[in-house]
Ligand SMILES: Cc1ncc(COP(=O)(O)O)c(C=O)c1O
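The chain below stands alone and is given in C-alpha cells; this is the form predicted on its own.
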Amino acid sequence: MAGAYDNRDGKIWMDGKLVDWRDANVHILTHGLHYASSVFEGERCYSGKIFKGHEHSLRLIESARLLDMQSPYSAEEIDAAKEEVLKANGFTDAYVRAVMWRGSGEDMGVSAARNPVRMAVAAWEWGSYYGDAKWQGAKLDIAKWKRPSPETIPTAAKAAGLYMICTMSKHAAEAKGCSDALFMDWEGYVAEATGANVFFIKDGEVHTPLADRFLNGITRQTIVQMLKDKGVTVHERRIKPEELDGFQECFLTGTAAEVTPVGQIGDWHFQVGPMTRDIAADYEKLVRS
C-alpha cells in the first residue's frame, strides 16, 4: 500500500464498525485536534499475531485515564477491533495504530467533559522504521529540546501532545542527514530518542536511562527482561551525556524501531557490534515465535 494516508484502499475500524479507508473522517471541531486530547498505540503484527497486543490495549486505556478520558471499550474489545482490521485488510505482517480522542460535542474550549471519547484502529504494511540504518547503524542528532519534568506532563501516557517536540526534533535531525534525535531530560541526563528508547553497552553490560520520567516502552521492557534472562547485567540509571564517550555499542528499541543499532550520536561514535546484533536477532525470533 502506498500514497497519502488519507487516500488508500482498505478498511479502518471506527467507533465499533469497519468503514472504508477514505471515509474514516472527523469534524474540524474535534477537541483532540485543537487541544491534543488524544492517546494512541503503535503495534506490529508478525505472521498474523500482534506482539503483546493486549499489553498495548491496556496501556491505551491507561493513557486515556491519565488524560481524564474514560475508554468506551475494554482491552478485550480493543483486541478484537485490531484483529478485525487485520482480517478485513488481509494483513499478516503490518503496523497497527489504535487511537482514542475526545471528539466533537457540546464543548469547544479547554474543558470538554461532555464530548464523547472516540476510537479508531488502522493498519498498514510498514517496513523498517529507520530504513538501512537498522543494519548499518543510525546517526542521531542531539535535540535542542528537553524532555520535561513529570510534574508538568503525564509521562506515563502515550499521548499525542507529548510528541510535539519529537516531530520538531526529528525534522531538525533529518535536515542534518540524521535518522533521529536524542533527548536529554530537563536535568541534563540522557533520556530517549523521538520515538524509541536508548540502550548502551560497555564491557558486556547494558546501561539504559531509568524510565521514570519518560514513557517506559513495551519493547524496552521486553528487551530488559530478555537481557536479564540471558544473564546480562542491566543498569537502569541516570546517564550523563559525557558518559557516552565510554560506551562501545548503542541501540534503540521501540515497536516501530524494533532493535536498531546506532553508529553515531552527535560527535560520539559506536560500533555496530556483536552484542547489539545478538539482541536484535533474539528479538526477531521472539516476535515471530
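Counting begins at 1, following the sequence as shown. On a predicted model such as this, the values are computed, not experimentally measured, just so you know.
There is another form of the same protein, the form predicted together with the named molecule; it is not shown, and what comes next is about it.
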Listed residue (Arg213, Lys158, Lys82, Arg118) with a non-hydrogen atom within 4.5 angstroms of the named molecule in the predicted bound form
Lys158
Go through Trp124, Tyr73, Trp186, Tyr163 and name the one with a heavy atom inside 4.5 Å of the named molecule in the predicted bound form.
Tyr163
Identify whether the named molecule in the predicted bound form is within 4.5 Å of every residue in the set Arg59, Thr194 and Thr253, based on non-hydrogen atoms.
yes
Hey, in the predicted bound form, is Thr219 touching the named molecule, heavy atoms inside 4.5 Å?
yes
Counting only non-hydrogen atoms, choose the one of 26 to 34, 254 to 262, 64 to 72, 230 to 238 that falls within 4.5 Å of the named molecule in the predicted bound form.
254 to 262
